[in-house]
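Alright, two takes on the same chain below, each alone as structure tokens: structure 1 and structure 2.
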Structure 1
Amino acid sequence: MTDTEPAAPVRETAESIATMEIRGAATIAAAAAEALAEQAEAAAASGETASDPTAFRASMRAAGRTLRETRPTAVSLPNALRYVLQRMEGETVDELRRSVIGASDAFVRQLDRAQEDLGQVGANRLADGDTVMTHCHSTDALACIEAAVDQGKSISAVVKETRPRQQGHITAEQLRDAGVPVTLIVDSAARRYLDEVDHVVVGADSIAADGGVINKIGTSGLAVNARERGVPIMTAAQTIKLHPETLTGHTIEIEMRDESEVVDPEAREEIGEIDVENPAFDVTPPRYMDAIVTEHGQFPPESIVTLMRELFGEGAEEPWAEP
């Protein structure tokens, strides 16, 4: 490692986030915070960063930039980096190291607690005997369903497979392990099954100031169909999913992923000269979402801006940027 090049654990975490071995907004946030703690340990142990607080700080910012550049849509990633790097303080390398490790630990603990708390709120919206429909794999959404089961409610699930990467299979396995009877369907069967469903529960990668929910591609179509069938839909999202930059008019970048996730290279050869596009996320307008469930309670999407201001003020700092 040179003094500005992040340590191996940061590079490995960044690679795992980019290739989606580590995925899902909350999991990405925890991994990023933990990688910063590992960077602090490594930087305090060797080279110029071990004796020079300025070099140490620069190496932490560089690690933040490497992690930030992996995936653009889930705001939990920059929010995690912000939380840890804003709490980096001290005159000596040892003080700086300890502050980073303390902030990283506190962040991960808060994530777990927030998920538990929002799970209770989401569970209260579900009734004994309900069938829920899910999209993609969201640990926040699963927390609601699992909490409902823990409350003694009998819940069953219709799980969308979620092309192209089929994260629905992970959801199906986890719900099965929680004792929830699961029916797995292809995405295009969702509308047909909505008549048998009492609630749609999804997660979020980001929530915009106007209450728009950014989540796995297909969420917005599901929400429109759910509204048309009269099925309530909630987003389970802890507040690290609130996107502070949208308070000042910025839009959220939708990640475009490689076409090989949609068509395998052999089939691609055969298809020849056509465009293949693979947007990973979409935006559900607030009017199609019934509630955003957070660790602070549930909110109508249009009022989420109040919570966002309270938690993030008027904007977003970038403590990983070069001074």
Structure 2
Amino acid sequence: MTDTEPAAPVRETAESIATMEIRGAATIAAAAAEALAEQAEAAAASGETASDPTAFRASMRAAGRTLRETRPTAVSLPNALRYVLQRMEGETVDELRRSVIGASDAFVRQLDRAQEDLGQVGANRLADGDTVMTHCHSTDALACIEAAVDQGKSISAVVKETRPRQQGHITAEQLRDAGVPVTLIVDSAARRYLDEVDHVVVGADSIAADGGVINKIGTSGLAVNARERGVPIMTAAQTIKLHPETLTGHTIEIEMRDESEVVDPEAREEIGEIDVENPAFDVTPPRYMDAIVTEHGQFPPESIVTLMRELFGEGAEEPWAEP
């Protein structure tokens, strides 16, 4: 490789992320942070980058760009890069190397315990005898319920099936395996069953700087109904789901999925000429969310921006870009 070209482990990791061999927010983030540490080791071992701090920094930025370009819409990926590269500091190559490796190790350690820590925080919001309602499938939301059960609390669940892909079936199965009594309902019955629910727990695909929660379509309607019924609702999300670019006005694009998830081609032909839309996510305004639960504690939605800045800096910063 040339002096600033990413090392082989970085290129291999980038390929695995791009082909979705590595998938899932936490897994992608950990792989990216570890790849930066491997780049630091390789760059400090030979060539111009081993003796020139400027060249070393350039090689780290190049590695960051290679990783960033793999999944442009993945929130956790740039968060991992920001966390590590913004903590790269020192006057010598060895100091720079050690700072990168230290930041990478710290980031991965936080990831390893993040869901467990988050689950404990969320569990403290649930009381013995509570019935919770869930939407879609979120391992972070499940962690809160499972931690409450581990605390000895009796918890039951009303699980929305979550059309069109019925991810609620996965949630129902995993809660049942955890010993939680489950009632599965169709999405349109949510308002009726809110009268029997003590808490709503959802996950997040990403969280905006104003505390808006981007999650599976149907979350915002559920949140509005929960507020009208006086049922508290919390979002459980690791901090890798925070979206720092929204600090500078970046808008989050809502993915439109294939219409075949909603209606099969044969039925569509029978119905006649119609348009079919299948948005994957919606945005729940912060005023409808009671709390955002993270591994760093629980936050009112409007105050999540403070944690976002503390962890990832200002949203416009791209430490992988050329100066």
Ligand SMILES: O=C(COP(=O)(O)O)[C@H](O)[C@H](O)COP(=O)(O)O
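Counting starts at 1 and follows the sequence of structure 1. Take the two forms, superpose them, and find the largest set of C-alpha atoms that agree within 1.5 Å; that set is the rigid core. These figures come from a predicted structure and were not determined experimentally.
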Exercise. Which of these two chains, shown alone, is the form predicted on its own?
Worked result: 2
For this session: For L36, decide whether the Cα shift between structures 1 and 2 is 2 Å or greater, given a superposition on the rigid core.
Result: yes
Problem set entry | Displaced residue check between structures 1 and 2: D198, CA, 2 Å or over, core reference | no
For this session: State yes or no: after fitting on the rigid core, is the Cα displacement of V293 between structures 1 and 2 at least 2 Å?
Result: no
Seminar exercise, completed: Students should find the CA displacement of A106 between structures 1 and 2, rigid core aligned, in Å, to be 7.4
Problem set entry | Rigid-core-fitted C-alpha displacement of N79 between structures 1 and 2 (angstrom) | 3.5
